[in-house]
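Shown next as structure tokens: one chain only, the form predicted on its own.
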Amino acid sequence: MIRHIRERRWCRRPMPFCKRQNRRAAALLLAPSLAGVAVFYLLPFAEVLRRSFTDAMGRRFVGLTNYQTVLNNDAFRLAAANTAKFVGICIPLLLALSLILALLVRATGPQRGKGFRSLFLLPMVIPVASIVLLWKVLFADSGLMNTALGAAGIPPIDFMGSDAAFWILIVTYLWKNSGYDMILWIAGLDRIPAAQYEAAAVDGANAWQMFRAITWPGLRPTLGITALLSLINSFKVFREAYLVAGAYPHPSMYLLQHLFNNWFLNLELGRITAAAILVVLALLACGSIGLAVRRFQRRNQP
């Protein structure tokens, strides 16, 4: 009885007081996480921003000299162009391929879909060293691909020393990450109520009409997180490229990771920090454009 009276007294307190209590509780709960983010992310980023305006030792202020040097550097232009091309090709292809795989898994049923899903998740557990060995076995000058081409009467191709290296890198990225994105799409498909498909089937809708009116609108929340994780994973492909072709691969697959690695080995910290800030600004600009487009679409929805 006393507990019930106390609860009633608490409920009778003014709402602003309750809001202040909730804000204090939220601040206390978030304080450890915010402190960790500040110490391990914000403060280092602030130091990178500061050093981008100083010399290599971080002592003398040089203004925009580092940024001018980076923008006028041919290696940075090549790496930035290759990275943008790689991301621009890989992300749409990966999203489309993984969505098709997710739809196939759902269409094949729970039993067959389990084996199909495991098949495409297998590349995620393969060590990088094994992938590098597979590259060398397939695409070396005397590898399996050139052996097969020679048997067909086609002259051998220098896969790692020509523009074909870039497309090999793309195929490797798609092969390794399609299973991960497929799982994300499947999670998004599970959120769509089955009753909507049943109602559409009763109304005579075909598969394409169901996908356009039910599946795709229901997957829009999943699209953003899947695209973001795919973008993050695209920067991890550097390991395979570095172990196969070294610090200076063919120009078609020379990415920003190669550039940062080479500049770090040469202790060109001013260039590295300035280039890192430029990359962050480019990513923020792309993210802002994506949010603006998404808000515009929401406003124009009927």
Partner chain sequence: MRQLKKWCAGILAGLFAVTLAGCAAVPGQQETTGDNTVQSLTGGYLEEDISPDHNDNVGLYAVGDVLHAVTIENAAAPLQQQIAHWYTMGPDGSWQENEANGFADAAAQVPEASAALCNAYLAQDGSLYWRITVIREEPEKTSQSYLFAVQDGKARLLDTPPVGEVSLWMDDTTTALAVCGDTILVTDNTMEPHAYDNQGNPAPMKFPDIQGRLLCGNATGYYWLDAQSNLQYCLVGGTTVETVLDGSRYALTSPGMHVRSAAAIDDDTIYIQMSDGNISSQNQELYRYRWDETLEVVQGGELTVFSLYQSRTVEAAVDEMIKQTGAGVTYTYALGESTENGQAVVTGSREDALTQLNTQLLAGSGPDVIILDDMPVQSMIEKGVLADLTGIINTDGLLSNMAGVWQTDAGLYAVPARCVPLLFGGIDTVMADIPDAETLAQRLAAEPNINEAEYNWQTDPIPLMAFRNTEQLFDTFYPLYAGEIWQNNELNAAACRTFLEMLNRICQGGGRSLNIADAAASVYSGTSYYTPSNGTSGSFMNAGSNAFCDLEYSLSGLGSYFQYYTEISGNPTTATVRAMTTAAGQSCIQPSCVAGINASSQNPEGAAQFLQILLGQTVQEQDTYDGYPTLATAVQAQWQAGLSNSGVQSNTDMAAVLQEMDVVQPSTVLRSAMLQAMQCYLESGSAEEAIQTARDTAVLWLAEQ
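Residue numbers count along the first chain shown, from 1. On a predicted model such as this, the values are computed, not experimentally measured, just so you know.
The next section is about a form of this same protein that is not shown, the form predicted together with its partner chain.
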{"query": "Contact residue in the predicted bound form, chosen from Q209, N73, T147, T108 - any heavy atom within 4.5 Å of its partner chain", "finding": "N73"}
{"query": "Of L228, M124, A140, L78, the one that lies within 4.5 Å of its partner chain in the predicted bound form (heavy atoms)", "finding": "L78"}
{"query": "Heavy atom of each of W175, G224 and K236 within 4.5 Å of its partner chain in the predicted bound form", "finding": "no"}
{"query": "4.5 Å heavy atom contact, F40 to its partner chain in the predicted bound form", "finding": "no"}
{"query": "Distance check, N266 to its partner chain in the predicted bound form, heavy atom within 4.5 Å", "finding": "yes"}
{"query": "Close approach of A276 to its partner chain in the predicted bound form, 4.5 Å, heavy atom", "finding": "no"}
{"query": "Non-hydrogen atom contact R24 with its partner chain in the predicted bound form at 4.5 angstroms", "finding": "no"}
